[in-house]
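Presented as structure tokens, the chain that follows is alone, the form predicted alone.
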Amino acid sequence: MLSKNYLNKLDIKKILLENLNSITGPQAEQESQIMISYSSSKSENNLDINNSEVDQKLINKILNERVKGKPLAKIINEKGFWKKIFYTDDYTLDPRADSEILVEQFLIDFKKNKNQKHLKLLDLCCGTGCLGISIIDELDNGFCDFIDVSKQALIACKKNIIKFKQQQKTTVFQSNLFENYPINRLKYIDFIVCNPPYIPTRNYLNLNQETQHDPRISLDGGKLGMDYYVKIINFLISVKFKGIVYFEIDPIITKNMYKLLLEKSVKIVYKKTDYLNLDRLIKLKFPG
């Protein structure tokens, strides 16, 4: 911990690294920079921070919580994703770099289609809204609906919509999947992006302490991790959805996902791996 007053920035960073190395390993360097930047209210460039601008009391407070195992994002209510810093809290799944593959691939696909003039997107199980917001922020003609069952998560989503000035391009719905979502709106949706809970319950119970700070509702996908995929796919088939779905997936459910899609005659346009070469994205087109 920081035990002296008026330490310079390099000394503070050294102390942070000593405390963080055993907790975060290779992430210690990045987390130490985030703490220093956050304490000085300068989130963009750590090099621009003067020694006098670093709030050592705030850093101590953050570090005390961090060494107890609470994720940094949950302490400072911020997490970087794609090109922005999103608000996050105890009621939302922290944005993760793994999910950026959905944004990246979606934008690659969309920009290949030069005839696409308008985009109507749905971010299902939206949490912070990081997927939908990141996509429409890159497009002049993109509009997005956001659905989450959690009222508290939608408060976080709305904060991010306002933070990034996307109010005119977004609508938010509290709904258990499609239960309270107007069916007529779905007819006009071109694409759905979705990162549903997909961790099998037995695996959830063995998650590390940090991951368990995320709400269970955003992680636990039932016995096989497939509960939400089954509900979503069955519903979209029943309403003859004609758009495209981008699902985040995990290698642990890939086999069962393929089996489900084969049974339902849902076409797999492609599957993509993340930066660690793990199954992470599947793009689907529905029959009819």
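The first residue of the sequence shown is number 1, and the count goes up from there. Since we're looking at a predicted model, the values are computed, not measured.
Note that the form predicted together with a small molecule isn't included here; everything after this is about it.
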Region of this chain that lies against the small molecule in the predicted complex, out of 182 to 190, 202 to 210, 145 to 153, 67 to 75 [heavy atom, 4.5 Å]: 145 to 153
Of L139, L177, V172, I101, the one that lies within 4.5 Å of the small molecule in the predicted complex (heavy atoms): L177
The small molecule: the contacting residue among I135, I161, L121, L93 in the predicted complex [heavy atom, 4.5 Å]: L93
4.5 angstroms heavy atom contact with the small molecule in the predicted complex for S218: yes
Non-hydrogen atom contact Y228 with the small molecule in the predicted complex at 4.5 angstroms: yes
The small molecule contact at C125 in the predicted complex, heavy atom, 4.5 Å: yes
